[in-house]
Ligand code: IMP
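Just the one chain here, laid out as structure tokens, in the form predicted on its own.
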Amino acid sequence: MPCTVLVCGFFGDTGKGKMISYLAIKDKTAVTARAGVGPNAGHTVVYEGKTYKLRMLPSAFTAPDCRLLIGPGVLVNPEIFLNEVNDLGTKGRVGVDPQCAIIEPKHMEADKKGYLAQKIKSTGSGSGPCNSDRVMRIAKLAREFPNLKEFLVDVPLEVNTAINEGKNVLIEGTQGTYLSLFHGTYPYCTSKDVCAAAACSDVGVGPTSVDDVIVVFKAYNTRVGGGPLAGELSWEEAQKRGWAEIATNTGRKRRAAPFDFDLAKRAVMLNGATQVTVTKIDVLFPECKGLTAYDEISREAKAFVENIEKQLKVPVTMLGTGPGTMEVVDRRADLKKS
């Protein structure tokens, strides 16, 4: 079965966009379907020297023949969606499910004040209020908007047809395991589940159709907004270590902490991980910057990777060694041989 689900094992910001863009090119992916909440999640792709910050479209746009779909469980902001389609020139290969709920100005307005803004530190994208309306069955759907008409397709049918034909399919998760409404640090979380099973549901794929679940971790841990972060460092200390980051979507400072093995183990369990990817190895081990062969990375970096494998009991199949799409150590073929 050629269907792979990719999700984040921490609080988002682990490099899912980079890894989706890499896998789409490397594995000649035919279809990538975006799951998750909506435009409250930002994915960054650095490809051929240019940086792209996406909030709606799948990060697999880097593969020119890949079909780009948005599943019915995803909230759509039409303005953001149409701008990204135009900016990336992907009009002929993008599809939106008619069942996607639409974020309206009233949702964004509600998201920027009161409890969500002040207590939860919401992104202000309108996603929470829109999901609330969807639960109440009063949200408008994509099929009601003329400016989306040319993009409307049956996403579950397309995705499952591709799987049945033996084509490579990616399901792109957003945010992170511990931002899940059910499994995260409630109430400091997002407005729905974002684990692997939920990602499948978002695009209409049953669990028996999935071959692999890749959980992406960063070599250290970060989160934005409110909520606990074990081992949190000061911003000054994060700067010293090179872990000081700014969020793609909101421009907020990311809070930083060392790699959390307890959270990682639980994320592997919750998502049913068959593979693990660790990004930003080059930040922890600068000597690994840009490397693409496992034999070339330092002894210290290998020890870090082997410790993760030992504790999580799942193979670390890929390592991110820089921001660029192709800056990846891909161990999949070698691990399969062994």
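Residues carry their position along the shown sequence, with the first being 1. Keep in mind that what you see is a predicted model, and the values were worked out from it rather than measured.
This protein has a second form, the form predicted in complex with the ligand, left out of what is shown; the following refers to that one.
- In the model of the complex, every residue of the candidate spot (A41, T123 and G226) has a heavy atom lying within 4.5 Å of the ligand.
- Residues with any non-hydrogen atom within 4.5 angstroms of the ligand in the model of the complex fall in just one of 147-155, 186-194, 133-141, 211-219: 186-194.
- Screening R252, K113, K240, K106 for any heavy atom within 4.5 Å of the ligand in the model of the complex leaves a single hit, R252.
- For the residues V96, L179, V74, A267, the 4.5 Å heavy atom test against the ligand in the model of the complex is passed only by L179.
- Within 4.5 Å of any heavy atom of the ligand in the model of the complex lies no heavy atom of N168.
- When contacts are judged by a 4.5 Å heavy atom cut-off, D13 counts as touching the ligand in the model of the complex.
- Residues in 134-156 all lack a heavy atom within 4.5 Å of the ligand in the model of the complex.
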